[in-house]
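The chain below stands alone and is given as structure tokens, in the form predicted on its own.
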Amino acid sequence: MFAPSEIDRIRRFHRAVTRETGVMDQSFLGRGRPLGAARVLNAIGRGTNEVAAIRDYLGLDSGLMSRLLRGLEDEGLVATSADPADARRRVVVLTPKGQAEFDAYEAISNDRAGRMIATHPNAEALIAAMDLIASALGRHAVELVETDPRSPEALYCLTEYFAELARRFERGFDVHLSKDPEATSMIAPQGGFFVAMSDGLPIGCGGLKGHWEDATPWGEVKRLWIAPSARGLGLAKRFMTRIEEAARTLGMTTLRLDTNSQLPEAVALYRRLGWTEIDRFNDDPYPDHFFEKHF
């Protein structure tokens, strides 16, 4: 019996993606230029304007980046200049013609994606698989960004987090039974809130809640959540490290957190990272495990 190996399956996937994305096409999406030039145009249109940053984002060498930019300049789609703040750096912006071309690419790409979703018998599973692959391939490019917990990216993560708790807790979950449901104490300078961004999409969050009412201020780790597609890639540990750094910056020397035994992976994480279990320190109705760390 023939049984395709894992390597065979991965290579099949690579070939399928190459065909679908038009890597070999000299006219990507029928707009008259190859994929490389279109990707540079897309990066600029999405707000990455520093040439070195575009090069790093797309994984291009300096020579290829220069050729692609020169081609776009010759078409009148972009304009390159020295950065006013640092003449050693170059910045690039879309011209009106370039903006129109960017918009055309966006419309065609959105239409193709929409048709793929509409014609697949299990679109939800398809997109979940794509999320899993994108998270794995882009794991080293994920950035932890400090933001307001009321920002759209933060609210997306928090909504997903609360929904997961509602599914996993036997009694469900209602954030309004917790203190500070709006997370205002996780806004600097009281605390901090961080979102993991993967190529423009939020895939996780974590907060530092400051307690300044005591003689010795301390911090509390709150609302640590990673999207299912990005779990197992080390993001939770990165969040914990970032939150500890923020606490130190604010002058805190003690951190605490709580969790629930119905989240065994969370309990295991905190133990693995060297946190010490302590007695209950709050009256929140949901947690049954409490941890502390001094530094």
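In this text the structure is predicted, and so the values were computed from the model without any measurement. Residue positions are given as counts along the sequence shown, with the first one as 1.
From this point on, the text means the form predicted together with a further copy of the same chain, which you will not see here.
Contact with a further copy of the same chain in the model of the complex, judged by any heavy atom within 4.5 Å, is made by just one of 80, 95, 184, 109: 109. Just one of 133, 144, 166, 188 comes within 4.5 Å of a further copy of the same chain in the model of the complex, counting any heavy atom, and that one is 133. Interface residue remark: residue 148 is not counted as part of the site for a further copy of the same chain in the model of the complex, having no heavy atom within 4.5 Å. With a 4.5 Å cutoff on heavy atoms, residue 46 counts as touching a further copy of the same chain in the model of the complex. a further copy of the same chain is not shown here, but in the model of the complex it comes within 4.5 Å of a heavy atom of residue 202. Put simply, residue 280 is far from a further copy of the same chain in the model of the complex: not one heavy atom of it is within 4.5 Å. Heavy atoms within 4.5 Å of a further copy of the same chain in the model of the complex belong, among the stretches 71-79, 152-160, 206-214, 166-174, to residues of 152-160.
Shown without its partner, the chain has 106, 109, 110, 113, 114, 116, 117, 119, 120, 121 in segment 98-122 as residues with a non-hydrogen atom within 4.5 angstroms of a further copy of the same chain in the model of the complex.
Between residue 125 and residue 24, the Cα distance is smaller in the model of the complex than in this structure, by no less than 3 angstroms. Panel note: the distance between the CA atoms of residue 108 and residue 26 is smaller in the model of the complex than in this form, the difference being 3 Å or more.
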